[in-house]
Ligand code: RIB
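Consider the single chain below, provided in structure tokens and representing the form predicted on its own.
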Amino acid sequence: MNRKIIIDCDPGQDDAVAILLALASPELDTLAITTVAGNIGLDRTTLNARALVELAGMTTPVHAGCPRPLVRPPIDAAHIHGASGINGATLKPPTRPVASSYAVDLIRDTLRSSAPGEVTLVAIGPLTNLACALVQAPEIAQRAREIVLMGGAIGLGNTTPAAEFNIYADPHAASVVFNAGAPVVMVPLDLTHQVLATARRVAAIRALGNEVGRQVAAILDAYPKDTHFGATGGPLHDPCAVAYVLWPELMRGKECRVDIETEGEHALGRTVVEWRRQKRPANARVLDTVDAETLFRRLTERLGRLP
């Protein structure tokens, strides 16, 4: 039986690759894509998600969600992802309309109507939509199979010295999600910075010869390179969350307690991970190691299945 997922996202260059990986994978039944403000504003993240679904030749519904964080002022990452949100891509305007139902309602009602453990939430943007659904219906936390989220860090952040973007964009929502009682898998920067879009790997995607391969290679060519610590390409964050759902054997980690800093002047959005000493019960599985070469090889193969 295919694994049912909902992708909650803010496309976003790396979100785009994550969405295409999911849609290319027959093991996954992507019930819906829900969008949130994050890398760019909600109107654009929703437009981008719709265009990516059509690029993949699919009809997966796209539901628009929250246009701003729960508490803090909105921020975006247009300086990274471009004014369109998917710098490098030349996507056709989508023809299918956005779904009529609100993303938060879709998440809440899908989990309520599904069997316990049937649906996995793959969250690769700020966690505003998930937090709203969990506040409205706390019981759905126990019905999700997992919440697999890309966000946070064991060590340093990428938006501030302390915080990763998805958590920093809405730390109050992240606190709700980590403390809701759902099974959480955290895919942090410590892992995603190992998954680099090197020139060799991008060339292999371009050599696929299909339109999706061409678009993804163009996105990755435009993706900022991480030159810190001798890195040789941009870290491909969000596809790691989808890859974990597909191939968990490629990643390792451990159960940890994770708290979110929601008040600090210098540490707002920090994921405080009890990595070395566990003083309190764990509330997430935190990953830190990945077989990046195998992940990229499988990602490339999957992208080759699309138009």
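As the structure is a prediction and not an experimental result, all values here were calculated from the model. Quick note: we count residues from 1 along the sequence shown, nothing fancier.
The discussion below concerns the form predicted together with this ligand, not included here.
Exercise for the section: Answer yes if any heavy atom of residue 39 is within 4.5 Å of a heavy atom of this ligand in the model of the complex; otherwise answer no. Expected result: Residue 39 belongs to the contact set for this ligand.
Practice task
Examine residue 120 and determine whether its closest non-hydrogen atom to this ligand in the model of the complex is within 4.5 angstroms.
Solution key: Residue-level check for residue 120: no, no contact with this ligand.
Problem - 4.5 Å heavy atom contact, residue 124 and this ligand in the model of the complex - result: Because a heavy atom of residue 124 falls inside 4.5 Å of this ligand in the model of the complex, the answer is yes.
Problem - Proximity of residue 197 to this ligand in the model of the complex, heavy atoms at 4.5 Å - result: Answer no; every heavy atom of residue 197 is more than 4.5 Å from this ligand in the model of the complex.
Handout entry: this ligand: the contacting residue among 150, 191, 103, 216 in the model of the complex [heavy atom, 4.5 Å]
Key = Of the listed residues, the single hit is 150.
Practice task
Could you tell me which stretch in 61-69, 235-243, 41-49, 257-265 has residues with non-hydrogen atoms within 4.5 Å of this ligand in the model of the complex?
Solution key: Contact-bearing stretch, as computed: 235-243.
Handout entry: Within 4.5 Å of this ligand in the model of the complex: residues from 153-172 (heavy atom criterion)
Key = Going through 153-172 in order - heavy atoms within 4.5 Å of this ligand in the model of the complex - the hits are 158, 164, 165, 166.
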